[in-house]
Each structure stands twice: as structure tokens, then as C-alpha cells.
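Single chain ahead, by itself, as C-alpha cells, in the form predicted alone.
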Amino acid sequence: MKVFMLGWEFPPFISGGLGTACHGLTRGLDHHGVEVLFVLPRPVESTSATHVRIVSPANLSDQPEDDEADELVDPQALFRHARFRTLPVTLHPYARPEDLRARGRTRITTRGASGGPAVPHASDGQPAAEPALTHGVRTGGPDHYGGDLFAEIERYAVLARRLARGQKFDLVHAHDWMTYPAGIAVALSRSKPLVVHVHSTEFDRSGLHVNQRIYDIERAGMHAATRVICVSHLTRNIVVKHYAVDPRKVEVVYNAVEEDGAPAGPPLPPITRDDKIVLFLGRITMQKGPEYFLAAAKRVLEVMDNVRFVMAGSGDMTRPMIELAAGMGIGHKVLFPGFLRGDDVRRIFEMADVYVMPSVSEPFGITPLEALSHDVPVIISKQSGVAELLTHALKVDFWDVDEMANKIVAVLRHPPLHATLRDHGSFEVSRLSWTDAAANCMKVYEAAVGRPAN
């Protein structure tokens, strides 16, 4: 089977779990012999890439040939059947308008771009024919979305459809909402089935303050799709309830954890500090519940003094959280190392005594699996998809900071509990592979190609 895959991040250039999931799933599909053409929305610098590099950069021309896009190859032979293309587009859900303007991006005007919605509100479940590129969105939006993001989404759709003209594939697989317009455009232009992969919804990211434009794009993509893949039953319930998607075409495929076959690298220096380390690792945004982490930290510090809390990551709530920690009087006990990658992630896991994910709404949550793979016990919110999958993890409502603190103290004070969670959790996560996840994804592909649900 040949798949035209659309995503907006891929290692080593990642801002969250989506890139990790895309890499793992692509590796798994590659193992099963599925031919994947992965289209990325922005070029990467060959000096920064690890397992992919640009070999023949070419400027976009008006010719609908395959060399419109920069080609990426895999010098370490990690992929046997996957190819990678990049388009001159910048997609980042948290980019500032001035950042995008500085890159010189200009809006491509297409039919439906400045008028009403290019795709119906999807109440009839059918997408529009040719104008399904922009969904009628304009630049702008709430503060946590870049002002030119919608123009870049439109540009990505236009260029992806052009690139698809010279490709052979059986179906289109679009990851996350920013690629749905491109997925619809490519699928319609080639009369191929569309599979959309819901890694997160606007309800997860924004809570009650849902951006109507984002919601409309998500809903149109889900209704236009032949099949919808959700990363958990939690997400599936949201898709069926809030987006009115036919439950018969919505499948759950759980994420997994990457098998790290790379050398471990030089041993870390011994950690001599007596302090226990409680780790938060993720985007510092409303969705991830950082304020509840700090509230629990304050309660822990009331009964234990030898504890340090590390809030690793970046996001729009970083500065408010630094100020909140200071206002609580625990600023000297909370560290903010910023966004970590590569060896720094390994280092922080090896330092941690317990990992806490207090997410308010987490469609899945790959980081707890990564923590367990590094022998770190985890405490996760019940409002996470990964809670459906893990047995040997402590679970708590994100808002119950007293219980969260109690569980942190219990893990830190009781070595037998720590060892049980670590050992059993590590064994449990070792059984979750991207190869199995890819096999489940392939079943969805077969249903989309052979037995359309629309």
C-alpha cells in the first residue's frame, strides 16, 4: 500500500508529542512494507537534522513536477520504504505573527479564500469540490495562534495538492488539524480516500474558549474523511459528541513508545545532591495543567523539604508560572530549564525520581511512556488517554492537588512503592510498540480503501 502522508512536525524538529508519534508510526509502517511519502510543511537545515537531511533543495516553480519540493533522505537507513518531501511553508501552532512575517511568507489567493467557507460546515457530511483548501479562514485568531498561521495552512494545501499530481498513492493520511485542508484538497484532486488522525482537538487545547475557525477546520476534515483515527477513547468520545462524526467510521489506535536503538552515550556524572527530583516535562500551556503541578508542589514542600520540582518545556504560560512559583514562596525550589531535546531529555529522566503529568485534557500523552521507558515512576491525570492504557501508574484528577501531593510524597518516601511502579511500569511499556500501532493503522487503511464508510 502507498500512503500520501501529511504532517507538520517530525524529529528532530518537534514542539510536542505529534512529531514523536509521526516518527514512530512511520517507522512502524515502514517495518510492514507500507510505502509512505511524508510531506512536511517546512524545510529543515541539513546541519541540524539527524536521521534525515536535505540533499537536493529546489525552489518551488510553476511546474507540477515532483522536484517542486525539497527531498529528504535517510542516511542511516532507518526507513526502507518511506520518502520525505518538504514544502516552503512554516506551520507552528504557537508562532507569533511577527515571526512568520519575518520569514517572508505571502498568502496565496485561491477560490474561496476571501469569501465564505470553502468547505460547508459539514452538516451534510460532504466537502466542497475544488475550493476545499482554506475553509474560508483568514489571518488572525486568538493570541496563542500566529496571525499568519491560517495563510500558511492555505499555502500548504495549495502546494501539497500540486505535489500530489506526480505521485502514486492509495490514500491520504493527514495528521492534526493544520493538515486537514491539505488532506481534503489532495484527496479530492486525486479521488482517493482520506484518513484524518486526531491527535488533539480544539476542546483539549483551548477548553471552553474554542476558536470557531479551528473547530470548523477540524469538523470539516473529520466529516470529509473516509476514516478517522483517534489516539484514545477519550478523544473518540469528543469527536463523536462535539463534532457529530459517525461513530462507525471512528477508530482508536493508541500511540506507543519509540524503541531507542541508539547508543546510550557517555555515562552521566553521579548525582550527589540529596534532593528528590519531581519532573514536569511538556508544553507549559493551559492544556498541560502546570498551575496544578505548582499547587501540588507547594503542598509537598509543606511536609518535605528535600524536594526540587523541575518544570521543563516552553509555552505561553512559562512566565506566569515563574511568577506564580515566586508568589507562592517556592520559587527557590522550582527550576525552569526550558525546552529540552536529545541527551538533555535523557539526562533529566535519569535525574528524576517521579514524573507527573497533571494535564487538564490530554488526548493521549506519550511522555509518561517515555518516563517509564527510563525507569521513572509516573503520576498521571485521569483526564488523559494514556490512563486507559497504563495499569502500573498512579492516577489522579488534575484538579485534586491534595491527592496529587499525597501520591508524590508516597512515591518519594516509600522505596517499595517506587520500585514497584518503576519495575512493573517499565515492563508494561516495553510491550507497547509502534509496529503494533502501525498494524492497527493498516487495518484502518484497508477499511478506507476497500469499504468506505461515507
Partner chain sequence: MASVCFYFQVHQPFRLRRFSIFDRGADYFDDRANRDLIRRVADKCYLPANAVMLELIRKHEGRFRVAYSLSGTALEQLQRCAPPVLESFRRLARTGAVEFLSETYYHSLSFLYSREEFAEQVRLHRALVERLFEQTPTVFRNTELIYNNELAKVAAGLGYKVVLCEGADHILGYRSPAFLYNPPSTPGVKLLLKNYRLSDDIAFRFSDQAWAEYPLTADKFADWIQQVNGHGHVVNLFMDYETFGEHQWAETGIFEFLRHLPRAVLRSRDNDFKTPSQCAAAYPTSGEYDVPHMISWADVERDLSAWLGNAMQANALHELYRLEQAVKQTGDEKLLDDWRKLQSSDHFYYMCTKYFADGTVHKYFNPYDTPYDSFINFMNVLDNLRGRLGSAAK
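Residue numbers count along the first chain shown, from 1. Just so you know, these numbers come straight off a predicted model, no measurement behind them.
The form predicted together with the partner chain exists for this protein as well; it is not shown, and the discussion that follows is about that form.
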- Task: Assess the spot marked by 233, 241 and 439: is the partner chain within 4.5 Å of a heavy atom from every one of these residues in the predicted bound form?
- Result: no
Report task. Spell out, yes or no, whether the shortest heavy atom distance between residue 299 and the partner chain in the predicted bound form is within 4.5 Å. Result -> yes
- State yes or no: in the predicted bound form, is some non-hydrogen atom of residue 32 no more than 4.5 angstroms from a non-hydrogen atom of the partner chain? no
Would residue 429 sit within 4.5 Å of the partner chain in the predicted bound form, counting heavy atoms only?
no
Exercise for review: Indicate whether residue 326 is a 4.5 Å heavy atom neighbour of the partner chain in the predicted bound form.
Suggested key: no
Checked 412, 36, 405, 387 for heavy atoms within 4.5 Å of the partner chain in the predicted bound form; positive is 405
